[in-house]
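A single chain, nothing else alongside it, follows as C-alpha cells in the form predicted alone.
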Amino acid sequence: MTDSGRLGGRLVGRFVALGITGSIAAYKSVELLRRLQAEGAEVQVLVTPSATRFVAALTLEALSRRPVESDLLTLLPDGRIGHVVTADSADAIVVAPATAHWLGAMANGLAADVVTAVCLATSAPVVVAPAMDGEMYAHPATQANVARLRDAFGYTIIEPEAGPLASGQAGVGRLAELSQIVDAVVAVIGRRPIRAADETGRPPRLAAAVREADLDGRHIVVTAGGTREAIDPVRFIGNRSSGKMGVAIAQAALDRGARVSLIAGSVEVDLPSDAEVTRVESTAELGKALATMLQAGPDGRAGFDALIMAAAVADFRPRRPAKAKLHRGASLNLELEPTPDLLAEAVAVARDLSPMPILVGFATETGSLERAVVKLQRKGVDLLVANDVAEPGSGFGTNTNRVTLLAADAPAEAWPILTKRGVADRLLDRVAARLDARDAAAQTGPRHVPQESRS
C-alpha cells in the first residue's frame, strides 16, 4: 500500500488525526495508520510523551509523511500553532489506544498533551478506543470517565475486547479490532463536508517525504514547463505553464531512487540539482531532445523505463517568424501552423523499444474532461493525467492540482485536490506498479497491472 491508499476507499480526500497514548497496544497504531491510509485518508499522527516509549516517531513519519505532533508549544514552519491547525482541519480524530490516564485527563479537560489539546480545540467527531489492564478498565473512575466522554461529549467509544493482556492476566482491556475502529471513523464522518480540502489548510507534509526507494535503478524521463515559439527575436507565443507539476514529478522520482532526465522548457521554479537537465525553448528543440532519449542503446534496449510528458507544448507556432524585430504598426497578422504532436510521435517510437517504457501524457482542458478520454485513445499512452485549469486551485501557476487519471486498462480515478507533489507521488505509485508488472510479465506472460498493486 502506498501514499494515500486505495483511491476507491471510504475515506478518500479525508484528513484524519490519529492520537496515540502510552499503552503497550501502541504498536498496533502503526497498522491502524496503514488501514486508514488504505481507505484513502491522509493521516496526521499525534502522540503523548509516554507513547514515544512504545512506538518511534520515525516509523510514524515515514508512513504518514507528516511530522509527528508531540509538543504543545511547537509551531509549524509558517508560525501557525500545530495542534490548532490539526483541530481545525481534521475530519475526524481517533485516539487508539487510549489509556486510563488519558481518559481521565480528557474527561476533565486537562490539556497537558497534544492529543487532549486537539480534542478540546476541535468540532470534529472523536472516536476513542481504550486499551489497558482489565481491572483498570473496570474501575469505577475509568468507567465514569468513559461514560462522560460518551454521554456528555458525544464521543464514539469502541469498547475494548476480552482476552490475554500484557500483564499476563486475562480480562476486558484488549484494544478493539482495527477494522472495527476504522469502520467507526468512517461512520462518524459520514457525509459531512471535507473540512479542509486544500492541503494548505492542513499541517504541512515533511519537506522531503520519506518513501520507499521503489524506483531505484529506474531511469525516468520527465518533460516540464512551457514551450515558446518565436514571432521575432524579441517576442514569442507561449502558454501559462510554470513547470511546477513536471518539476514536482522529477523531484519525487529522485526521492524514490530513480535516475531522472528532465527536459525543461520555460519554468518558474528551481530545477532539481540531482536531475540530468536539458534546457529547451521551442517545440522543435523539445522534439530533438526527446528523439535523443528515444534512441535505443547499442544492445537494442530502451534507454529509459518511463516517459512522463508533463510539459505544456504550444499547439501553434508562427509559420514564418521574422528574423528582425517587428516594429509597432497599426496591426499585425500572424499566420500560425500547428506544431508537431510530440506525444504521439514519442509513443510511436517507444512502442518499438524493448522493454516497452511506461508512457504518461497530460491533458489540460477547460470546463470538461471529455476530450481527454478521446486523447487517451488517440495518443496510445498507458496513463493520461487530465485536469481542468479553469477550476480554482488547479492548473497553471498554482501549488495544488485536482486531476483525473485515465488509463486504457483501468477505471478513471478522480483524485481530490492535492499539492502538486502529492499528485506526483500518486502518479509515480501507478508508474512504479506498472513497471513492476511489466518486468514480471516479461517472465510470466502478457503485461498486465494487478488490481492489488493499484494504491
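Residue positions are given as counts along the sequence shown, with the first one as 1. Values in this document were obtained by computation on a predicted structure and should not be read as measured data.
One more form of this protein should be noted, the form predicted in complex with ligand CTP, which is absent from this view; the next part is about it.
When contacts are judged by a 4.5 Å heavy atom cut-off, R195 does not count as touching ligand CTP in the model of the complex. At a distance threshold of 4.5 angstroms between non-hydrogen atoms, E159 is out of contact with ligand CTP in the model of the complex. When ligand CTP is considered in the model of the complex, G82 lies well away from it, no heavy atom lying within 4.5 Å.
Interface residue remark: R235 is not counted as part of the site for ligand CTP in the model of the complex, having no heavy atom within 4.5 Å. Shown without its partner, this chain lists G163, G297, G109, P340 as candidates; in the model of the complex, only P340 has a non-hydrogen atom within 4.5 angstroms of ligand CTP. This chain lacks the partner; the member of M309, A306, V127, A258 within 4.5 angstroms of ligand CTP in the model of the complex by a non-hydrogen atom is M309. Residues within 4.5 angstroms of ligand CTP in the model of the complex, judged by any non-hydrogen atom, belong to 310 to 318 and to none of the other stretches in 180 to 188, 310 to 318, 98 to 106, 112 to 120.
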